[in-house]
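The chain below stands alone and is given as structure tokens, in the form predicted on its own.
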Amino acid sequence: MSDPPSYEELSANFSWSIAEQELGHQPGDPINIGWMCSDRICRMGLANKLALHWEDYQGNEKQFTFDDLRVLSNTIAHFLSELGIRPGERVCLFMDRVPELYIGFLGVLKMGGVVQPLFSAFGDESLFVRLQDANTSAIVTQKKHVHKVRKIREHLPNLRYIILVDAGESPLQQSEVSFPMDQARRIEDFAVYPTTAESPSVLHYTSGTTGQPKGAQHVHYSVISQYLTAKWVLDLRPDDVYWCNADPGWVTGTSYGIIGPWSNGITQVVFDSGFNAERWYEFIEKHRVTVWYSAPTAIRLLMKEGTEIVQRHDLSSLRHLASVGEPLNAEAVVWSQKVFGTPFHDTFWQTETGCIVITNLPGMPVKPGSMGKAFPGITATVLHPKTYEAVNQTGIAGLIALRPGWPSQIRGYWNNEAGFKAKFKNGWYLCGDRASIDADGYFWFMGRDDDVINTGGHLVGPFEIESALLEHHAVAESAAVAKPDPVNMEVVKAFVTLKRGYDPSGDLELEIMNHIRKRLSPLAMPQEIEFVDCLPKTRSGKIVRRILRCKEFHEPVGDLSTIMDD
């Protein structure tokens, strides 16, 4: 097997037209991600190639060829069209990692709809905020999650249909319809809606420091970036068996859990189960996984389990490893080299970028702890936080910034033009993170530039948590910040002042924690609540999370001149 091209070779004379040519796309022609990932692959003579091998925690398995993807996505697209869902309308996918989620993603795109994937772990409040904001027309879900939708249904006048993929004989309520994919009449031919490069495709919600979650609007042209980065960064080759741990509720689970591998005609495996080191290693061994895209949180959990468990399994199939979602600590890189015979390659990107933008490409020397270099075609630098001019000095921290214009960059935030414009300064897109660059052009992550909490690679906005905290009958004021954690990097810690008549207690702490878990999600649930008499505020009355966060990270709090005296 030949060595991959060097970074310099890939960067020389780079153009995104490389991906256009390989995908057979001419500028100005229709382009549809659903068609690119199914029909196009079949036309390449790969109709009978295995596209998806799915397995759940109980050991149930299903297999789908690329022709199955083509026909079943046609079937879903036809079903939605027959219901009266029109191109451009938002269709939410609210399911566990079942086949209907992955194939449904392609089906919605084929009929011209906009896919809105959401984590099935979301509580009714998190679900409501996102469905209301997007004016979602239909939601596809399962029996185990439909109660959350029913709870908020009357407050969502634009939600016309609730589609259950596993209703069986269960009684349906108003606006609910059953769609058992395996039993539906298979639609061999469907006129794929002629979406163009700038047609909306996926609406991913991402957390912010203030205000409600923001809907990041992607377009069909994003496949150009996702195809090429999957091929070059994840080193996907025709015979690979690829495993991406990410849930499609997260952008990694769509860009590189659906679009990237399937636009490359790659076989992927999906394990609908939570973390369990033994089960994960068994899964890799059983399916002979060759390329594995995981998260630093999962890697640290595997490290905790030790090397003896690794030695009980034949993991020799693993050829390339990559990580995503948060900084990959140097120890994890060294550990993976030792136990798997190859290091995890860190990758940096965001919901808003749509594709990997800074990375350790195969063939590049890996510097443990570094994010790597800008992907060819991406211009990246660090900017001075006040002047927004490039920091032309090695080792000096600045704001990570990208020159706009790559194919998968989002085209805006849904109903939030001001929020989108605020991401750009001096002709650069600001990622909201800080880093330094060394003499070799490698980026070194320093931390986030706002109050968003990165827990296990998932960004959690403090505003949403604080709003839910205030709904609890005992809470007067609240602030949510990050707290360092050896496994998840950060977890949520809440500072709470109580209303008159309530006293701090362990029972009250658990009650408030469970309130957040049910309303929002397990990820948003504080791992610790500290009851305080008052919260630090500016003279205008704004709570200053920075002070609370700095204390948790044992960092200097800086200028306190604007803080109100007690």
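Everything quoted here is computed from the prediction, not taken from an experiment. Throughout, we count residues from 1 along the sequence that is shown.
As for the form predicted together with a small molecule, it is not shown, yet the points below apply to it.
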| item | value |
| --- | --- |
| 347, 352 and 431 each touching the small molecule in the model of the complex (heavy atom, 4.5 Å) | yes |
| Partner-contacting position among 136, 454, 195, 290 - heavy atom within 4.5 Å of the small molecule in the model of the complex | 454 |
| Among the candidates 125, 326, 490, 247, the residue which, in the model of the complex, approaches the small molecule to within 4.5 Å (heavy atoms) | 326 |
| Touches the small molecule in the model of the complex: residue 206 (any heavy atom, 4.5 Å) | yes |
| Interface membership of residue 286, the small molecule in the model of the complex, 4.5 Å heavy atom rule | no |
| In the model of the complex, residue 371 touching the small molecule (heavy atom, 4.5 Å) | yes |
| Any non-hydrogen atom of residue 448 within 4.5 angstroms of the small molecule in the model of the complex | yes |
| Location of the small molecule contact in the model of the complex, chosen stretch of 222-230, 146-154, 249-257, 167-175 [non-hydrogen atom, 4.5 Å] | 249-257 |
